[in-house]
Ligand SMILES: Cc1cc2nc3c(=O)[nH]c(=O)nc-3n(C[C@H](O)[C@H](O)[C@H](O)COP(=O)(O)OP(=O)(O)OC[C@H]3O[C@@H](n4cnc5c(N)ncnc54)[C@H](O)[C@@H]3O)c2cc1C
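The chain below stands alone, shown as structure tokens; this is the form predicted on its own.
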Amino acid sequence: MMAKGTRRRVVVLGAGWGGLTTARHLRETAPELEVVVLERNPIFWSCPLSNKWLIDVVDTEFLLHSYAEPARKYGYTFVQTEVIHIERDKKRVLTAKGYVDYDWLVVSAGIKVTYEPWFGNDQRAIDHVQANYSSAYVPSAEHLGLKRRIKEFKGGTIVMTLPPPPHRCPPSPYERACLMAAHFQKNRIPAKIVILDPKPRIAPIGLGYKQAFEELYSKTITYVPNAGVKEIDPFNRVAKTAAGDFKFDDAILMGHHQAAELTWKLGAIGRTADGKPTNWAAVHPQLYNLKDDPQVYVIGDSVGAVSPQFGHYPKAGHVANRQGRSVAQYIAQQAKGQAPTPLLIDNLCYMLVNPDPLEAINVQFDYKIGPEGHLIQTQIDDNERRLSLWKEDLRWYGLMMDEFARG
């Protein structure tokens, strides 16, 4: 697809928060390198703030951006194509448009939602769920479908299953439930939202959500802990869980999350002690490169466990952005023949729990190296819902988009 030039090349697979950040910062940290971004989608769709978009708190322009504009602005090459295979032994990527050679490879492909733990190889059931009860967790037409379902819902019970952890953006299902409940209450729609959570309690930022459920949405939201899914019958509309069986009129069935398909094609999935796949990429906890291939990186939601204290980094856009910044520096150091110097990252999430009046809550994660050399996570919850946090959310999001997504 692209002839090998005189400059060494970094190929970035995936143009989400992590991939675009990596490409943008590489042009600053290593201007001598060629940077190529490969992405199958024609336009950038940002998942953060998409819950607000579902009930029209923000419009579509907040979420959609052109890939061409930031590529022109920062000087990297963007190619819309499907990745077919990754040949690490030959250091090249096979795409629908041909081969691309690389010197460094960065995979930032997000997650894959899988329904096989529920349905095995019953493709008919999987197709029925994706067509009727999809979770809208990956940028796609599923978001449009969910928004339509919310707007057209006339009343009844909506069951929302949460994926077992780790999963993308842990607080987002609770936020979505709050905003849906607000929409139904405002429009006098007789709806009940039943949250089936496999965890024993709301987490993260449990107090803020508990207060929102009880003080704002007690007539609409029912929260059920320890409700791991045992069986889903999508045709008869029944969810069977460890906490009982729940019938529904509509549903948001959030399947299990695992590393994106490209991460599996890369051969980067970790293994348990008994040889089973962990479903997430095994990478260095701070450098994010493969242990047997130090010039190949995986960042963002596909990253596996990094600490015995807290397990996985939160699978959030902010984390992907920070990891992208770090990897841009690591590659620049490697290009100069230097060993990468680890950078500690952080995470920041805002959740809108009340659209009228606009009130948000917040959670922050900080990281340090503990006395035994492991990453230690500190979580700071801000449970007091207020307008100022919503304003901070908009400012944070605007800064992020200006950094890597807007030309």
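Given the structure is predicted, the values throughout are model-derived calculations rather than measurements. Numbers follow the displayed sequence, beginning with 1.
Heads up, the form predicted in complex with the named molecule isn't pictured, but that's what we're talking about next.
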Only one of 243-251, 276-284, 218-226, 293-301 sits within 4.5 Å of the named molecule in the predicted complex by heavy atom distance, namely 293-301
| request: Indicate whether A30 is a 4.5 Å heavy atom neighbour of the named molecule in the predicted complex. | output: no
Fill in: Close approach of Y137 to the named molecule in the predicted complex, 4.5 Å, heavy atom
yes
- Should Y350 be counted as a contact of the named molecule in the predicted complex, where contact means heavy atoms within 4.5 Å? yes
How about A268: is it within 4.5 Å of the named molecule in the predicted complex, going by heavy atoms? no
Interface check vs the named molecule in the predicted complex: of V129, V83, I150, A71, the one with a heavy atom inside 4.5 Å is V83
In this chain shown alone, the residue from I345, L38, L63, I55 with a heavy atom within 4.5 Å of the named molecule in the predicted complex is L38
Residues in 92-119 that come within 4.5 Å of the named molecule in the predicted complex by at least one heavy atom, in order, are S108, A109, G110
